[in-house]
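Starting off, we have a lone chain in the form predicted on its own, written out as structure tokens.
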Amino acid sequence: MGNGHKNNDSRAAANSVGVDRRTFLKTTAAGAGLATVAGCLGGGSDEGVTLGALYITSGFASLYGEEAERGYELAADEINDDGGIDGEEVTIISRDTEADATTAGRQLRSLIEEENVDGLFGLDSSGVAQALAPQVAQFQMPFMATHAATPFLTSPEGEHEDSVGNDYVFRNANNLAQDIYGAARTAEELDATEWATIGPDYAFGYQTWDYFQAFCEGLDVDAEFTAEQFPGLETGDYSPYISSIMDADPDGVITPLWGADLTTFLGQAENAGWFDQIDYTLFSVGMGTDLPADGSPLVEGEHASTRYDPFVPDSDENNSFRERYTDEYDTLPTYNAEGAYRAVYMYKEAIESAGSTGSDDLVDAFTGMEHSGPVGDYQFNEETNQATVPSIWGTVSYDDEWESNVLDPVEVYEATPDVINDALGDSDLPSGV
């Protein structure tokens, strides 16, 4: 158990133990000749506020970038129609990470040095996020992660060998630890003792399996862990991986496959009789792929999670957002759309609170921020910069009114630092919460 998988090329750490992190980072940036960003309102451009968005907008997971674009464009339109940010128009410049750390790093540098953005948000891939976090710190540029889930992104440097959390990186969506805590809570209610996994061959896949085992142990779930398969991204033929899991004949499987990989797997698994043989399949954040997918949708009756549910909470703010979004795009909002939407509003709140677009002013405003959005009310933990949003799991059901899969019923598990750290028990895995 533990975090023993080592073929994650994107894992990185830049420890600065014994030195105040912000002091260390400023010194590092100055020594490397990197530009620090500071200024009054609209300091990133001649006029207005400019934000940079980094998402996957091409390839196997492009739907995530497309959904995020819908969210942040809706937010920007609403804000500008309502007078902007302190009277200044907000502009968002989008760049494609291509799910690649090198490409993402190049795009990050371009947004900062060429586009002179005031702040950044986005990121889909956990591996890319871990690689970019040290660069974000060197540039001293605030970054609001809205999707990439690895706990190591908000686990402070030095806490674990793979931890890359720093003062400049924040996350407004639940992280993998929060999500998989909900998976273990779901598993303890099911008539299943033997569990397996099939996940992507990089940090997100391995960490999902590691944390699922740790939470099952910490919560005293009656579970054995029997088989694991980690196909590469953009795998076209899942049949050998499917056969291997089915030969092991587990009671349940947890899978964090995502994007086109998930929809490809679903079609091939159904044809192989997977859902007839295996009693339970838990789709970690599967609803982020299911709603806009052109491929095979999630199977009714299985369990899935999401970082945001369009019907939870049943609040005026969430219901109004869902209505505006569906009026604009004729589909329910996904969690990537909501996270990007909320990120823009968080920058609005931070800039107006600080009266400035200076990086350190925004970091100070984000640190410990209490915020309300469609996802509900939450706060950032000052020690990790992670939002204390809940874990949302439910049963996949088809809704005739919305002509879409939804989660019904839904279970919302509080995922505060105390809850998550206690549930990890004696594990050496950091919660990042």
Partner chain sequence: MINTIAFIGLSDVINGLSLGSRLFLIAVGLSLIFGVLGVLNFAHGAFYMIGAYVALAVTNNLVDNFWLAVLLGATAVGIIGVLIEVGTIRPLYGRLDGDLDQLIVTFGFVLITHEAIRLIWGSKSYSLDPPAVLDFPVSIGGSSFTAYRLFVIGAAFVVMVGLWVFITKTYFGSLVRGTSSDREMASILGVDVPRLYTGVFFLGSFLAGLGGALAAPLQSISPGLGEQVIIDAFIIVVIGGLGSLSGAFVGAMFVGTLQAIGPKFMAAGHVAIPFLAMVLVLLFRPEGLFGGFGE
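Positions refer to the first chain, counted from 1. Fair warning: this is a prediction, and the values are worked out from it, not measured in the lab.
There is another form of this protein, the form predicted in complex with its partner chain, and it is not shown here; the text below is about that form.
| request: Name the stretch: of 403 to 411, 54 to 62, 367 to 375, 389 to 397, exactly one has residues whose heavy atoms fall within 4.5 Å of its partner chain in the predicted bound form. | output: Within 4.5 Å of the partner lies stretch 54 to 62.
| message | Taking its partner chain as it sits in the predicted bound form, is A272 in contact with it (heavy atom to heavy atom, 4.5 Å or less)? | response | Answer yes; at least one heavy atom of A272 falls within 4.5 Å of its partner chain in the predicted bound form.
| Do G236 and its partner chain share at least one heavy atom pair within 4.5 Å in the predicted bound form? | Because a heavy atom of G236 falls inside 4.5 Å of its partner chain in the predicted bound form, the answer is yes.
| request: Decide whether Y325 counts as a contact residue for its partner chain in the predicted bound form under a heavy atom distance cut-off of 4.5 Å. | output: Although its partner chain is absent here, Y325 would stay clear of it in the predicted bound form, with no heavy atoms inside 4.5 Å.
| message | Taking its partner chain as it sits in the predicted bound form, is D162 near enough to touch it, meaning that at least one heavy atom pair lies within 4.5 angstroms? | response | No, D162 is distant from the partner.
| query | Pick from S94, N116, N319, S244: which has a non-hydrogen atom within 4.5 Å of its partner chain in the predicted bound form? | reply | Of S94, N116, N319, S244, the residue with a heavy atom within 4.5 Å of its partner chain in the predicted bound form is S244.
| task | Could you work out which of G87, G355, P240, G301 is the residue within 4.5 angstroms of its partner chain in the predicted bound form, going by heavy atoms? | result | Looking at the other structure, the residue within range turns out to be P240.
| query | Going through 246 to 278 from first to last, which residues have a non-hydrogen atom within 4.5 Å of its partner chain in the predicted bound form? | reply | Those in contact are D247, A248, A260, T264, Q268, N271, A272.
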